[in-house]
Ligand code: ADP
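Here you get one chain, nothing else, as structure tokens; it is the form predicted on its own.
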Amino acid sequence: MPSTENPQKVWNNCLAVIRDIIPQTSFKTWFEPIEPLKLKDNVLTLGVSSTFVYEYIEEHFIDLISKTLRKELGPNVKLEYSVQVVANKDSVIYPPQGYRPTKNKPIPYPIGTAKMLPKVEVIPGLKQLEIDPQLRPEYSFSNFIEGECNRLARSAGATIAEKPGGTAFNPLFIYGGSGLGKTHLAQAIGIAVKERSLEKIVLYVSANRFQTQFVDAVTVKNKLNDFLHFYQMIDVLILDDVQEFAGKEGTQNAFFHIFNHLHQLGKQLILTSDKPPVELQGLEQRLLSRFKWGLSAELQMPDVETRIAILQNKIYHNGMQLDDNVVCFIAEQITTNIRELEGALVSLLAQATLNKKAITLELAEETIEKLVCSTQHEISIGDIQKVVCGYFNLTPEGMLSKSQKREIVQARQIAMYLSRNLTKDSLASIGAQIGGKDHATVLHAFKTVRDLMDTDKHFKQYVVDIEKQLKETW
């Protein structure tokens, strides 16, 4: 194939094949932004926006690209990437000399001998990556029932959707117990933003997912700069369950810099948590102070009228019909959270369908009775701290302080012991939330309490009483 072949024409021919093979979302995200820069001596140079994009394409699509290029240019074709860094207008050609595969997999095309090119002018017109916002369509404002329990948060969310980053609600910190609609509301804001402004880059990510990505960037693939650069491109960042950052200093530091960058550029941040900022443990003070810059809005358990409206909305959208007495009965019986309220409705419909019974009040009573007996509030570390403080007549601040008074140390150790027994939290998470301790301290506390229970009957009674109170309450 002549070296004077038009690179755009060659690349378009390749894209025509690739488009029919991979999902449309993947094609738009990874292939549409690529710019074919030049074709010389059977070497095609593709312009990409970052090393992150280059590495992702190499890992996931190189076999496909190689086959299509060989079809167009023959078996001796070579491929290079020009990473266009807009900030300093540098360009780096990949693969560099001596590049070798990282997964014991031969590269399906000859390794080039390209090298660093200083101060190459950035090719104009490089398209912006299309990022999947990770939003669920059913989590829209139309499905979010407003009530006294959530009016402030919902109103703030609606205002943000009209002018993301341009209100006093930045960040918007949504907090409340499990199953009260935090994720739904946060995603509803993102959906509304995308409906009004398609060009806005919106991303929903859980704190656990963010943590995994950060660890991968630092320890596995050494691409921390690409990780930070990716998140700094977001217009509306929705981070769910920020309390999961407790005790994870590296992740907190990375998010601190991302937060600062986005906030200074007028980008919108939406955070959710099971507690307000003032009650979060194991998070750096500089991060907590930023959480308070905007609006903190609580979601509470809805009253019975709002619960009825939630059920009616669910019934309507599923094309069902239920007697009002049945709906009211469910709403009156399930008072824990919205997720369990909707779950009770699903269970009732399943019972009626499987047993071929009509949905009557009697069937609802039978179903809900079994459901309420088997459904309990999941005890949290916060619940344990409250009960321990109440039992020993301590303030939360006192128990979480660095005081070494015997009664405070024992209360702290009992809280750690019960947290390990009654929750699914890791040792590191428990320590971070109870006085900012490490996992070794929690393990020592657990062993100390266990040993004291074997030798001191009065101490054992303390622990038994507190555990009983927790189980009776939740």
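Just count from 1 along the sequence shown to find any residue number. None of these values were measured; they are calculated from a predicted model.
What comes next is about the form predicted in complex with this ligand, which is not displayed.
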statement: Checking Asp226, Glu342, Glu298, Asp235 against this ligand in the predicted complex, the residue with a non-hydrogen atom inside 4.5 angstroms turns out to be Glu342
Partner-contacting position among Ser197, Thr159, Thr183, Gln333 - heavy atom within 4.5 Å of this ligand in the predicted complex: Thr183
- prompt: If you check in the predicted complex, is Asn150 within 4.5 Å of this ligand, heavy atoms only?
  reply: yes
- prompt: Is there a non-hydrogen atom of Ile145 within 4.5 angstroms of a non-hydrogen atom of this ligand in the predicted complex?
  reply: yes
query: Any of the heavy atoms of Ile310 lying within 4.5 Å of this ligand in the predicted complex?
result: yes
- prompt: Looking at the partner-bound form in the predicted complex, is Tyr139 within 4.5 Å of this ligand by any heavy atom?
  reply: yes
- prompt: Using a 4.5 Å heavy atom cut-off, which stretch among 171-179, 322-330, 251-259, 74-82 contacts this ligand in the predicted complex?
  reply: 171-179
query: Taking heavy atoms and a 4.5 Å limit, what residues of 259-279 are near this ligand in the predicted complex?
result: none
